[in-house]
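One chain comes next, on its own, written as structure tokens: the form predicted on its own.
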Amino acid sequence: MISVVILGAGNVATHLFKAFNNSNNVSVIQWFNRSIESINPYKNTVDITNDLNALKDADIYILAVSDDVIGSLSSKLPFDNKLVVHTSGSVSVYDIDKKHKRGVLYPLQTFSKTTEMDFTNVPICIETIDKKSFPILKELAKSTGGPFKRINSDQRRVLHLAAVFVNNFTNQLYRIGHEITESEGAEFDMLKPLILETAKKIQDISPYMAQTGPAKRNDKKTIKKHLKDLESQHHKDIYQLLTNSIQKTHGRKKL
């Protein structure tokens, strides 16, 4: 049984707690957060604390906190030579204080507290400095039931960067689509099958091969009409930027 202490109470921390709590070979023995109110709803399920000096002895300490506090929090932990890992996609493993055994447990997924997560579909990226720490971190990742892979810092960095494009930026485009449909009383829900089919298609073919639409066809008449129909200059700029990017990718001339 792997004993774990989770530090932090955000989206990742909450979902990791639920995943480990459902595992037969992981025991979350304590949950820390500076604001005890955030984790108070779980007080009957796990020992909670807001006192770093009250942290229990565990096999692994998971820093599921904001990127900019990983280093400072790790330095404040009142022990050394324990396996301390963070869950960030962009922070170096070396940002963890060197008094610890250091590692990364990065779940490559988007998390919201209000949405349940099936961890069998969540790839977990593992990184350690100390080779002896890898087996236990591997077992911890396996306990979630999903895929896992050992990667290095450079691979994790570019995966996180790519994730911003395919998730955060794409979601912003959904938001713009929502604004556009609302402006004329159309239903955004009508677009959801298209969104799902677009995501489904790249399971079988590359994004390059999956591309369709007026920019790839170099349909100048439709592109100009779309730009005219867009009322927001901000939306026009994004449309033009992405159109130019698609045309460059597929060998078409810009407008």
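The term rigid core refers to the maximal set of C-alpha atoms that superpose within 1.5 Å between the two forms. Numbers follow the displayed sequence, beginning with 1. These numbers come from a predicted model, not from an experiment.
Although not depicted, the form predicted in complex with another copy of the chain is the subject of the following passage.
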Pick the stretch from 74-82, 134-142, 115-123, 97-105 whose residues have a heavy atom within 4.5 Å of another copy of the chain in the predicted complex.
115-123
Output flag, 166, 190 and 211 jointly within 4.5 Å of another copy of the chain in the predicted complex, heavy atom basis:
yes
Do residue 41 and another copy of the chain come within 4.5 Å of each other in the predicted complex, heavy atoms counted?
no
Partner contact for residue 146 in the predicted complex: another copy of the chain, 4.5 angstroms, heavy atom:
no
So in the predicted complex, does residue 243 come within 4.5 Å of another copy of the chain, heavy atom to heavy atom?
yes
Residue-level question: is residue 129 within 4.5 Å of another copy of the chain in the predicted complex, judged on heavy atoms?
no
Applying a 4.5 angstroms cut-off on non-hydrogen atoms, the residues of 186-200 near another copy of the chain in the predicted complex are 186, 187, 188, 190, 191, 192, 193, 194, 195, 196, 197, 198, 199, 200
So, does residue 183 move by 2 Å or more at the CA between the shown form and the other one, with the core held fixed?
yes
Look at residue 223 and decide if its Cα position differs by 2 Å or more between the shown form and the other one after superposing on the rigid core.
yes
